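This document opens with one chain alone, in structure tokens, the form predicted on its own.
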């Protein structure tokens, strides 16, 4: 029996070349933390995100210089780019003209209807989609006054903003409902799910540093995905955005939804371990970031946890006293000196990848 329920049925929209909706895979995205006006720094970070598997990237557009920089950034990247806009409708229009593939706005904070219509008309002209981004910390004052910063308030804001766009005959919409805690975030998506067919961008905002952020995101996003809620996702971490992508794919892999690159399994170590397994695991993990093959790699501390417990791994190593063993599918291949373990393991991984590519 699958852990994940059937996906909620949604309309299909496009963010550049990436389709978002229940008929498409759950996509993984991130946001740059460079100044968008610094074109070279932003390009460098986006290229690193692309390498890590990022499928959609968002950039902050706080002023006209940032909006105009998008045209230059687009020339050197391949993944779709979203402009994150607040308040100033002119920045949304300038970003659309500069070539963004989508806008992230709150129609309610853009201002009077003619300004919203100008943004929508521009989005239609350039065939780009819009994300209605609702955050618990920035709700409309009248909604917050009545309902507080609750899940119900977030849903009311989302429905109000979706209606604004749909009343202007614009339907290429996705929506996010994010709070800094798991409970409100999950509750808001659950409440909205039956009230619209707009695709969901899921995530827990302001989740925190590495440990708090990964924990909140894994639980919150994981709960939503198991319920079939979520069409694109971002893990928010106070960290290098590449870490957001790695975490996103690990969440999807753990749920059996999607996988990217080798799966690394390793034991937590115990008193039997006689090699520097922490260092070996770090080095291996870093080396495998650029690999795209779907193989299982085991890093085990001793022969007790080695070929036996990790016999399903395509390839693995287990430690000894200054030495280690290399094994494939539970069968020991040879002994290796500790200082050569990672080197030999990576060599064998490349051989397996070459074999697998020949089979396809």
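Residue numbers count along the first chain shown, from 1. Here the structure is a predicted model, which is why all the values come from computation and not from measurement.
Although not depicted, the form predicted in complex with another copy of the chain is the subject of the following passage.
- Contact with another copy of the chain in the model of the complex, defined as a heavy atom within 4.5 Å, is made by none of 258, 295 and 314.
- Another copy of the chain in the model of the complex comes within 4.5 Å of a heavy atom belonging to residue 190.
- Residue contact with another copy of the chain in the model of the complex: residue 162 places no heavy atom within 4.5 Å of it.
- Contact between residue 274 and another copy of the chain in the model of the complex is found at the 4.5 Å heavy atom cutoff.
- Another copy of the chain in the model of the complex comes within 4.5 Å of a heavy atom belonging to residue 2.
- With another copy of the chain left out of view, the stretch that reaches within 4.5 Å of it through heavy atoms in the model of the complex is, among 192 to 200, 119 to 127, 215 to 223, 72 to 80, 215 to 223.
- Think of it this way: in the model of the complex, another copy of the chain has a heavy atom of just one of 173, 186, 93, 229 within 4.5 Å, and the residue is 186.
- The partner is absent here, but in the model of the complex a heavy atom of 265, alone among 287, 147, 265, 168, sits within 4.5 Å of another copy of the chain.
- With contact defined as any non-hydrogen atom lying within 4.5 angstroms of another copy of the chain in the model of the complex, the contacting residues in 20 to 34 are 31, 32, 33, 34, given in sequence order.
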